[in-house]
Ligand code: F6P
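Here we start with a single chain on its own, the form predicted alone, put down as structure tokens.
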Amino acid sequence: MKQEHKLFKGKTLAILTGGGDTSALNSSIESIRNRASMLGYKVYGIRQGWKGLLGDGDILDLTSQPYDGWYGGTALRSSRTNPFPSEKNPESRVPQVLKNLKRYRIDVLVSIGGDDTNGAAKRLYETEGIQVIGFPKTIDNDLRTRTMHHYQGKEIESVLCPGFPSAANAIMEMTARLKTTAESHSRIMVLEVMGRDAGWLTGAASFGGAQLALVPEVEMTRERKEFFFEVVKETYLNSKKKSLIIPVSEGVKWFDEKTGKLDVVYASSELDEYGHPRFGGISGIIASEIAQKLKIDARSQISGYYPRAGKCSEYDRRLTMTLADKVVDLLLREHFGQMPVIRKITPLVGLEEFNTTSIDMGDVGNKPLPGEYFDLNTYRFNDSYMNFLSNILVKPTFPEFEYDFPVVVPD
């Protein structure tokens, strides 16, 4: 029978973005909006994450509007608002969310975020029956997407989240740029990289030419620190130009000689509404201890928000479009409480809907860096991780200033 109208004409789908921003958020919004519109949905954008569903609501109409998916960040803006009670805000704001979903006649909600944002969406689905679909987002790449990586006959459970490819490319390029200043001063550069619980993003620095690395998965006890300093000294002395770049995750646990405790370094003790403090400053401590113990000039560099910023990479763009194709399938089957994910790690050309599946939002959780990717005895990312990244990034060529100038000896 001929279909006179689009399948979901008269229904409304709303999109929100929560948590830290990434370069792939606008691409995710545009891709979901375009596909939902083709199905007949009116598409709304909820501003500032869950905050936009509080009070009187803060809603935009994205239907039939131009949208630049290449531009990084989120035009809907973001926040770390938690609608459920937390230590910072004990009041439940779920009634406000429900009121506004009804008031704006929102039939389906797509939450773009990490474990916190999508965890709240999942709770609304389970406790209130709200029709939600989660969409993955994180530069840390630590959501458990159950994406498999096939390498040399082995199957490694890996992760692939929108936002990570663009951020990894930024860290790779930043590391490659630091190379010349490290060489100029015969210096060790300690590069601090975002990564609260996992070292996925830190590994991108190895693709940019970093020699060693520290990740949250390896606790730096007093004994490990001593061994690490030995490895640093040997690697530095054996380097051709007496320089070294060491990326470290912000969430690395470091043994403090003064307190005798093993802990992360906090930039602020204040907690957000999901109970997370802000990390920062580990690179300065490590650089200082290297200089003191090894008598080698060492400086710290914090990448900060740089990997979150800028234009969406081509890989991220294709990734968000592919996952949005899977959202169409979930909408058609009314399969809510799900999140679209990639089945297996693949180069850009393999990012197609047939390589997607969906997982229950309640089963997402966090996925640390697999042991197959990092050698804790050498503090190096190994070939399997380099192979993982080679599917996502184009490894830069490193120009070398080759010289062997003769030393002048006075008469």
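Since this is a predicted model, take the numbers as computed values, not measurements. All residue numbers refer to positions in the sequence shown, first residue = 1.
As for the form predicted together with 6-O-phosphono-beta-D-fructofuranose (F6P), it is not shown, yet the points below apply to it.
Novice: Hey, in the model of the complex, is R299 touching 6-O-phosphono-beta-D-fructofuranose (F6P), heavy atoms inside 4.5 Å?
Specialist: Answer no; every heavy atom of R299 is more than 4.5 Å from 6-O-phosphono-beta-D-fructofuranose (F6P) in the model of the complex.
Novice: Using a 4.5 angstroms cut-off on non-hydrogen atoms, would A204 count as touching 6-O-phosphono-beta-D-fructofuranose (F6P) in the model of the complex?
Specialist: Close contact is absent here: in the model of the complex, A204 is far from 6-O-phosphono-beta-D-fructofuranose (F6P), nothing within 4.5 Å, heavy atoms only.
Novice: With the cut-off set at 4.5 Å between non-hydrogen atoms, does I139 touch 6-O-phosphono-beta-D-fructofuranose (F6P) in the model of the complex?
Specialist: Contact check for I139: yes, within 4.5 Å of 6-O-phosphono-beta-D-fructofuranose (F6P) in the model of the complex.
Novice: Taking 6-O-phosphono-beta-D-fructofuranose (F6P) as it sits in the model of the complex, is E250 in contact with it (heavy atom to heavy atom, 4.5 Å or less)?
Specialist: Flag for E250 set to yes.
Novice: Picking from 126-134, 303-311, 321-329, 81-89, which part of the chain touches 6-O-phosphono-beta-D-fructofuranose (F6P) in the model of the complex when contact means heavy atoms within 4.5 Å?
Specialist: Only one stretch passes the 4.5 Å heavy-atom test: 303-311.
Novice: Go through R278, K241, H150, R77 and name the one with a heavy atom inside 4.5 Å of 6-O-phosphono-beta-D-fructofuranose (F6P) in the model of the complex.
Specialist: Looking at the other structure, the residue within range turns out to be R278.
Novice: Which residue among P165, G208, G195, G113 has a heavy atom within 4.5 angstroms of 6-O-phosphono-beta-D-fructofuranose (F6P) in the model of the complex?
Specialist: None of the others qualify; the residue that does is G195.
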